[in-house]
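Before any questions on binding or motion, here is one chain by itself as structure tokens, the form predicted on its own.
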């Protein structure tokens, strides 16, 4: 019983354990609900899943089910990023505990009851619990914003700090995190206000279904703005997180953080103004330039750091030696590479589509433009997921050949899938509809194979973590012990600081 309690405390009272649970939940939902679409329908797997789990899939409810599924997965991903932030960013221990506890109860409640409501009969008590879970996730965001308030004296940096800061020592990286959290809360509010009108002026729809509707309601535009900004903010968050992981600093950091702050504000303003302004998308594109430049600064710094550290013992390394050490660690190389690769599969396609919208894409059948938009969002979401996986695998101390095999398999197979999806969405540019079938068959096979292998790697990783959890002296125990020690030291330091403040106050009173 004591052993079981120890593992329970690790899974639900430590940051690393909470992250592992959330990643496992995303993997489980992806594995099960992924059988309901794509080639799984043609192979008959969908019918097996539906019959085995007794799902109720009424065609008229399809859009609502998909929205419910996306929200449950998105909130779990947000929870994972929040766990990362509460671990790497300085904050008081009680703030970390409150934030982690609130978002854990929130996302699990929303995930469990949201999926039950959407796929197992529409019992509205479950929908109410889904909304309770969303509310708790939102409240945890408010707690996180309060904890990250960057103008507190104890979080100010020294004048000679290598990290971006103002003349008064305000940490601009912390400001970037704070701005991202506040922007996320604003966007969530936009979605919630629209959701409150369901059945009273607003009906369920998928964003890609309205692309050619000339007149959209304000509530529909609000949802479109909500869709634009939420995924972008998740991407901003993971960029800041991996920057902290790689100790992003120096002149490039001092350039990147103001760009990230300004870009996040502009993109959020543009996305939320979609409701009122016809040129809101132009604002979004303008803000994206700042965020993409900040990400570029991160890539340049990280790759330069990996090369310098790997060639420290070589007096004059040549090009091949530099490339060799850069590619030596796929988990640390991967996030930067995925950000670069994103320009070819997401950003580049999005910009080209915006520039040539009326000239090319609106001439295509509606289905083709819809495919392009859907692929655009899904590729970006999956890219973010791979970066999260790189980071968590490094935290889990995956080493040696397993590290190389896992890292390169994820990079190569995910990029194969994303490239295939991009070609599929843009195929009408270079192949006639009457001659497309052979190309479609090939790229669909490559796409499914790439994503399938990535999911197999994730499954193997999670099975290893589960096996490790059953060991008395597994890596989970090292993580838990190290975190408890760090928390105890932090609490001691916080107690000393409070005593010093109290002593200073008493001295002031005595004077």
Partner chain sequence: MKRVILSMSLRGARFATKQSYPSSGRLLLRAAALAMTLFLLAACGPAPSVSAITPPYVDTGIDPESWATVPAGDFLYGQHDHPTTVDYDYQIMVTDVTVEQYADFLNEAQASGDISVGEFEVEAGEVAWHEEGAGGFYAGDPFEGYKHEEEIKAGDKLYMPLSDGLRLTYDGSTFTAMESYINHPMTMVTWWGANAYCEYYGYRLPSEIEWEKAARGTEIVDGHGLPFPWGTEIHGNNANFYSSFDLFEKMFGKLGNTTPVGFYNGQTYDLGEGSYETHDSASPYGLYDMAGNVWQWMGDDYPDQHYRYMRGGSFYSYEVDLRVWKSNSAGPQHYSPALGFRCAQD
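Numbering follows the first chain given and starts at 1. Quick caveat, the model's predicted, so the values are computed rather than measured.
There is another form of the same protein, the form predicted together with its partner chain; it is not shown, and what comes next is about it.
Undergrad: Looking at 198-206, 385-393, 88-96, 164-172, which lies within 4.5 angstroms of its partner chain in the predicted bound form, counting heavy atoms?
TA: Selected stretch: 198-206.
Undergrad: Name the single residue among 245, 337, 303, 364 that comes within 4.5 Å of its partner chain in the predicted bound form, judging by heavy atoms.
TA: The residue in contact is 364.
Undergrad: Have a look at 28, 463, 58, 482 for me and say which one sits with a heavy atom within 4.5 Å of its partner chain in the predicted bound form.
TA: Checking each option against its partner chain in the predicted bound form, the one that comes within 4.5 Å is 58.
Undergrad: Residue 442 near its partner chain in the predicted bound form, any heavy atom under 4.5 Å?
TA: Answer yes; at least one heavy atom of residue 442 falls within 4.5 Å of its partner chain in the predicted bound form.
Undergrad: In the predicted bound form, does residue 413 come within 4.5 Å of its partner chain, counting heavy atoms only?
TA: Contact with its partner chain, yes.
Undergrad: Is there a heavy atom of residue 428 no more than 4.5 Å from a heavy atom of its partner chain in the predicted bound form?
TA: Heavy-atom contact with its partner chain at 4.5 Å: present for residue 428.
Undergrad: So, residue 478 and its partner chain: in the predicted bound form, are they within 4.5 Å at any heavy atom pair?
TA: No, residue 478 is distant from the partner.
Undergrad: At 4.5 Å by heavy atoms, is each residue in 308, 347 and 493 next to its partner chain in the predicted bound form?
TA: No.
Undergrad: Going through 431-454, which residues have a heavy atom within 4.5 Å of its partner chain in the predicted bound form? Please give them in sequence order.
TA: Sequence-ordered list: 433, 434, 435, 436, 437, 438, 440, 441, 442, 444, 445, 446, 449.
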